[in-house]
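Shown here is one chain on its own, the form predicted alone, set out as structure tokens.
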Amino acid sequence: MNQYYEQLLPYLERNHAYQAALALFSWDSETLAPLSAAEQTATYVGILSEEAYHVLTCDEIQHLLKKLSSPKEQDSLTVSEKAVVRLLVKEYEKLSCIPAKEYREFSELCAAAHPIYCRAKQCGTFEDFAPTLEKLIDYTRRFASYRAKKGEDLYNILLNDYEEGFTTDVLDDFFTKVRDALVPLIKKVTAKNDTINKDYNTGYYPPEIQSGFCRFLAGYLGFDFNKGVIAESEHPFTTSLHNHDVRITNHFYDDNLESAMFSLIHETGHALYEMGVEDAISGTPAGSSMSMGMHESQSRFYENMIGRSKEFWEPLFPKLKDTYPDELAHVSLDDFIAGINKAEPGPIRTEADELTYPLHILIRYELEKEIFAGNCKVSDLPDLWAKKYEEYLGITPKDASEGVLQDIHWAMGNFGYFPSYAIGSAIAAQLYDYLTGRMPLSDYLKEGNLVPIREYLRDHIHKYGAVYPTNELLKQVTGEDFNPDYYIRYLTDKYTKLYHL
């Protein structure tokens, strides 16, 4: 092993220990922690974040990264070691320009924002969260300005943190294609919405019974309960301490059958990625800084391409009917498949169907661009949100809980994250097209055999973690760069057939 890389390892281990502790605090805050713990927890989060900051910005790290970035030393590194150095350099450049005091303040603010956000969402009172959101945006804008080169767009800096290379120019082109193709299709589909009946979805479904079926579903997909756990939270999510400790959450509504099932499938897609990372890179930046777009591609692939297919449910539907014998007594498999794929504009992103989902992301993308261009005040957000929902989806949120407060991302300081959802959906369609041409995917699903699919994704994507940037890994798997045409074609073909257009 390269001598300088060997000297780097204790710093990596120490940093990851802090990151794991922070992940545990975040997990606990979202699941079991009492609300009154929030203030003290925020202090602990600030202390740990500051310690992690110092580990990654100390003089020794700077010295080692400079040595390891030289052509001579690069030649002696493995592919994964080069990736670790590349990602560490990126993180060093991101952090070192931020004063330690401000970094800690921001970390504490993010931790303290969670209960404020939750109370505001529960009450539908945006004005209760607005001052906190204002602070979060100010810090984010300031930190981006510290990193910006002359004339560099601040929002592009934030986007690059989640999806390297996907600038506003790339995303504007992507979203224009998606919008122009899907808005007319959504109008045609909406005109025929009464042809699909899914009244079954709003019966009474006790959360404890839903939880049991979802646990079965996770195991069926390949979730390893020796490496992972499932809990409940307001907003389903996945977190990973390392590849042998992966945690997902779900949320249950007693009058909605589909919500928890498809949230579970989605989060299991994320979990399989985390569990599939090679031991050699788990706990390093290459094992924990994966592209959000590629990560979302895995959750969307499982949720939509697999989980909403008839072939997937053929072996499972009898068990689902046995679980809810009264509610589903008169529902056929074909009725169920049509129902879970029904496209109907609604206000909530996480409950959106495949067809309308990218427009939810487009709205958030456009608002974030306006925020960081200085063209939008926090106080304007509820009205702008409502106007865009009327423009793109023909609906108006009834209140802030159904509108601008529905997502937790901004309360966590995650600006620039949302486009990854749409990028991930597009990558999922591209991977799906590739895989259907190279394996009997439908036959595997009908047999209830997801192992070959899961193993292929692990061997070609998951095990590499963040070793390769998105486009490089995608090209390595499919032979092509990112191409949204697959996504547009997939949605157009699917909904044209479903609605007999």
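Bear in mind the structure is a predicted one, so any value in this text is a computation, not a measurement. Numbers for residues come from their place in the sequence shown, where the first is 1.
The discussion below concerns the form predicted together with another copy of the chain, not included here.
- Partner contacts here mean any heavy atom within 4.5 Å of another copy of the chain in the predicted complex, and among 316-324, 151-159, 227-235, 418-426 they occur only in 227-235.
- Shown without its partner, this chain lists Q62, Q476, N449, T43 as candidates; in the predicted complex, only T43 has a non-hydrogen atom within 4.5 angstroms of another copy of the chain.
- Contact with another copy of the chain in the predicted complex, judged by any heavy atom within 4.5 Å, is made by just one of H295, H242, H114, K369: H242.
- In the predicted complex, E51 approaches another copy of the chain with a heavy atom inside 4.5 Å.
- At a distance threshold of 4.5 angstroms between non-hydrogen atoms, A20 is in contact with another copy of the chain in the predicted complex.
- The shortest heavy atom separation between Y444 and another copy of the chain in the predicted complex exceeds 4.5 Å.
- Another copy of the chain is not shown here, but in the predicted complex it comes within 4.5 Å of a heavy atom of R14.
- Applying a 4.5 Å heavy atom cutoff to another copy of the chain in the predicted complex picks out L24, F25, W27, D28, L32, A33, P34, L35, S36, A37 from 23-38, in order along the sequence.
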